[in-house]
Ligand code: ADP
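What follows is one chain in structure tokens, specifically the form predicted alone.
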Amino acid sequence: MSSPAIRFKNVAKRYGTTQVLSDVDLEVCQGEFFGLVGMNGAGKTTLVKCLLDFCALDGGSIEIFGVSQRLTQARRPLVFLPERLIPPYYLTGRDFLNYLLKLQSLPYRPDAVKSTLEALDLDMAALTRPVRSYSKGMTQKLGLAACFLADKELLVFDEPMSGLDPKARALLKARLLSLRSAGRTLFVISHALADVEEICDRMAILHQGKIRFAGSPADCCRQFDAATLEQAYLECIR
């Protein structure tokens, strides 16, 4: 039996005397699209920082495809898009993509770049411009393009729809669904419950540092006897 793509086991994290995460137990299966939702300050971003070894755990463990997240090789199969991407202001879009690909010993393939940008509705001409001139939506598309070009098994996205217009949101969903068909795994943080319900196989509700629910969006509605996922969420954190 294969290891989960991600396994959080009794994860705990404190900042000073504040307990941010407490006994978080969660598994994301390989090939699964999994959404993590919760209020601001619930601990979602801290959990991702722990996953990426940006901060040390105060208890428990995390594994990525069966390898401790503390080991560098554990992160080789994944790509991460933060909620607020700020590329170096002096780079052009092409420089940024070329730099990130070079860090991973991957070639810059113009045809692949062109098709990826078209799939996200970002004009190729934007690559000649410095990223400091980009709008929020353009910067988000550039970051998404970098992630897709890396072609990793596991995608970890924090609010990937942020700054995208309706057309770009629809195109991104289509691209994500094609990746699910290809067996990729997605772990996504989102405040948009409708997006989670549409694209995720399972979800978890993190509230006050603890997992309050884990299962499919439909199971969430049934468990809390709610007609919509929003109503179920409110009942869960009440």
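Treat the numbers as computed from the prediction; the structure is a model and nothing was measured. Numbers for residues come from their place in the sequence shown, where the first is 1.
The form predicted together with adenosine-5'-diphosphate (ADP) is left out here; the points below concern that form.
Proximity to adenosine-5'-diphosphate (ADP) in the predicted bound form, defined as a heavy atom within 4.5 Å, holds among 192, 29, 174, 39 only for 39. With a 4.5 Å cutoff on heavy atoms, residue 35 does not count as touching adenosine-5'-diphosphate (ADP) in the predicted bound form; it lies far away. Contact between residue 202 and adenosine-5'-diphosphate (ADP) in the predicted bound form is not found at the 4.5 Å heavy atom cutoff.
Although the partner is absent here, residue 45 lies within 4.5 Å of adenosine-5'-diphosphate (ADP) in the predicted bound form, judged by heavy atoms. In the predicted bound form, residue 20 approaches adenosine-5'-diphosphate (ADP) with a heavy atom inside 4.5 Å. With the partner omitted here, the stretch from 193 to 201, 45 to 53, 177 to 185, 61 to 69 that lies within 4.5 Å of adenosine-5'-diphosphate (ADP) by heavy atoms in the predicted bound form is 45 to 53.
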